[in-house]
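In the block that follows, a single chain appears as structure tokens, in the form predicted on its own.
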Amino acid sequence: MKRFFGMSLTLALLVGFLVLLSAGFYWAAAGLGWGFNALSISFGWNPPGTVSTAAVSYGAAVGNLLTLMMVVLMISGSMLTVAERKWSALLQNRIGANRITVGGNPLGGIPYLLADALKMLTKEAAAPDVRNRLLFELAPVLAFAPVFCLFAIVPVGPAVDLGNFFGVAAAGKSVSLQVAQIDAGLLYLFAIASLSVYGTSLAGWASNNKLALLGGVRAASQMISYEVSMGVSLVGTMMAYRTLRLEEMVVAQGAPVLGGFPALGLLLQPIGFLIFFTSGFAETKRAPFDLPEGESEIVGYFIEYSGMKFGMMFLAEFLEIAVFAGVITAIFLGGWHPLVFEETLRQNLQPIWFAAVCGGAFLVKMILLMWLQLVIRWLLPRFRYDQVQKLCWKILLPASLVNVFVTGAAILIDPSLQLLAWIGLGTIIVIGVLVGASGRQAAATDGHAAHGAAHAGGH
């Protein structure tokens, strides 16, 4: 009971901290937006006493770049490097990394962040003499930069009128927790995500090492394969919400269906969610899809890299986890919608604080999804390579195509999405029943095996 109350208090404090953090992000975006507007007036680009939409947008984008990209994304990726070694030990009932302490206290493994940074910056960078120098140096950048850029279109918080921050003089212009609001939306996501293939492929080929080359070829074939199923799995959400923009998808998920339930992507597209989650997991090259980095086979596209070059590739993998969690939250889990008591919060809180609560809700969902990815990585064994390809081409891709046809037919019959919501709810129930039945069957099989082993030992 004591541990339960301790965990509850810790979670409550974490949620409160995330809400305050989101409020700070809004003030940073609004302040820089107002500051850019003042600069545009001082340089004579806009008349005095006016508010320029372009200046406010640019200023808010710079603020979000500093807060969302450099704080939320980079700190999430850095903390996941600790979670991979220290916190994952809790899942397997082992101690984990425990050599670095501060005054005898390990502090949850946080000092490992400083140790890792120091090691990466000072470690000798040894490179093979027979490498292709230009491509060898370029590969870590191509692996890191696309992943970093993907988070720019993720809407962390709703739009808030600038007048709520600086009075009536600024009314009519809004700021939100999103770096870039582009019409391409999901097309930008697919285009930039596909660029990371070049980093892994070039790293393996430019190293002039047959084991690195094998890892690069595995990575390229796996990532290109799963990009197909990942893209098709989102066609249903594009049709349901009639947009490519992530911020509009989030707003659409606040609409009620089935008598008051929010029109979440998870409800309307449960099959699309499962396919996208599986395909995205394979894109991150994490276990059980970590064949491009098969350390037990001494295979890996970055085995010839050391120092900060290895650090960039290592960090890019964890940034992919954070970006993946943010994209799923925006498309399938309602984004910044709190999901419970939303109207009550909207009516009783000031717009700034309501937006901060929404931003905190987004970050909570994002953290839960990162935790889920960590759990899956440490529970499942590595697949064989033929199993990885079979899962994509023979299961996920056909299922995603069927999902597109069913979604299109349901929308044509009932454009209000009620029919699609009923189909999604039925699908969730069927999946839940099948998972529960398989779990009971596995438990019964294990029980019979243990019973037989006991009899054999007795005889």
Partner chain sequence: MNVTAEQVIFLAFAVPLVAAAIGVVVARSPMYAAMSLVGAFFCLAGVYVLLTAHLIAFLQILVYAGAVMVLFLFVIMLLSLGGEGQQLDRLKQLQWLGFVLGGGGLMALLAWISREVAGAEMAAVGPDFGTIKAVGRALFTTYLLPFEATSLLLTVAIVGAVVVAKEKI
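Numbering follows the first chain given and starts at 1. Bear in mind that the values here come from a model prediction, so they are computed numbers and not experimental data.
What comes next is about the form predicted in complex with the partner chain, which is not displayed.
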query	finding
Whether Y188, G216 and A220 all lie within 4.5 angstroms of the partner chain in the predicted complex by heavy atom	yes
The partner chain in the predicted complex: contacting segment from 196-204, 260-268, 75-83, 283-291, heavy atom within 4.5 Å	196-204
Among the candidates R346, R242, K123, R384, the residue which, in the predicted complex, approaches the partner chain to within 4.5 Å (heavy atoms)	R242
Proximity to the partner chain in the predicted complex, single hit among L380, I182, L113, L372 (heavy atom within 4.5 Å)	I182
N132 within 4.5 Å of the partner chain in the predicted complex, heavy atoms	yes
The partner chain contact in the predicted complex: I303, any heavy atom under 4.5 Å	no
Contact of A171 with the partner chain in the predicted complex (heavy atom, 4.5 Å)	no
L142: touches the partner chain in the predicted complex, heavy atom cutoff 4.5 angstroms	yes
